[in-house]
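Just one chain follows, in the form predicted on its own, and it is written as structure tokens.
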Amino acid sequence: MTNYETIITETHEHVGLIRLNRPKAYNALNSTLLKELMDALEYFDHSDSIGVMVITGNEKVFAAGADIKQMTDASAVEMLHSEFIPAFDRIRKIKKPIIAAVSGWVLGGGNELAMSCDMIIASETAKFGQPEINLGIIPGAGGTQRLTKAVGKAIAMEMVLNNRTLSADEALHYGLINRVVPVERYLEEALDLASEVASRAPLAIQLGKESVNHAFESFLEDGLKDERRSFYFLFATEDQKEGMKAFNDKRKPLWKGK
């Protein structure tokens, strides 16, 4: 495989493992990482020897969201033409199952990435959130849609509008994830699950995934379009610029409602 800059790939028999590898940036999802991640997923998806993929970060952070420095000065039109959101569409086209193995912070685009996977194994230290409201924007890569379907309207509203985070146990209770395991075992547990799934009939696995996603994603397309329109529009506001500059400056934003 290619030598990547922001991810590390491994194979464990019939399982393809992808490690997000920007530790100094808390695995923030910049354009390079997303492109490399999607390229690796598609490579494994077309490999006859791989049956399931696992995406992971490290013990302290899965991914702490998008790379805000890349977005701070972007206009709505620039965001509309950016490859950030469309990268998530490529995940939906992957035929083989993808398991997210998460620990520590799973925030913003990181939570959206985990929710784009088919199953989530979490360490007991995992914390899930959509903190985009602190930047004057909303989730734009499916966060408002998949989160609501997974945890229900009330909890999703609190997470999207008031930056509520869910502990691993809460995420399990509300149906966001599959299981919680000790931090030293979360990746091993995900690899074991992936190996078990990969041992099943390949075509049945792919069609089973397709059928479950069809049930889960009925009407999702319209919701994603509405979410993206709102997400892009917010990049034309003064509050978005203030929110992201305040984040970069490590200060509280001063909202104007403009």
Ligand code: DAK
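Throughout, we count residues from 1 along the sequence that is shown. Only a predicted model underlies this, so the values are computations on that prediction, with no experimental measurement involved.
Not on display, but discussed next: the form predicted in complex with ligand DAK.
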**Asked** Is ligand DAK in the model of the complex near all of I98, I177 and A190, within 4.5 Å of a heavy atom of each?
**Response** no
**Fill in**
Only hit among V181, M71, A150, I94 for heavy atom within 4.5 Å of ligand DAK in the model of the complex is M71
**Request:** Determine whether any heavy atom of A141 comes within 4.5 Å of a heavy atom of ligand DAK in the model of the complex, and answer yes or no.
**Result:** yes
**Asked** Taking 4.5 angstroms as the cut-off for heavy atoms, does G65 touch ligand DAK in the model of the complex?
**Response** yes
**Message:** Can you tell me whether A87 touches ligand DAK? I mean in the model of the complex, with a 4.5 angstroms heavy atom cut-off.
**Reply:** no
**Request:** Verify the contact flag for G136: yes if a non-hydrogen atom of it lies within 4.5 Å of a non-hydrogen atom of ligand DAK in the model of the complex, no if not.
**Result:** no
**Message:** Within 4.5 angstroms, counting heavy atoms, which one of the listed stretches 46-54, 204-212, 191-199, 226-234 is next to ligand DAK in the model of the complex?
**Reply:** 226-234
**Asked** Going through 3-34 from first to last, which residues have a non-hydrogen atom within 4.5 Å of ligand DAK in the model of the complex?
**Response** K24, A25, Y26, A28
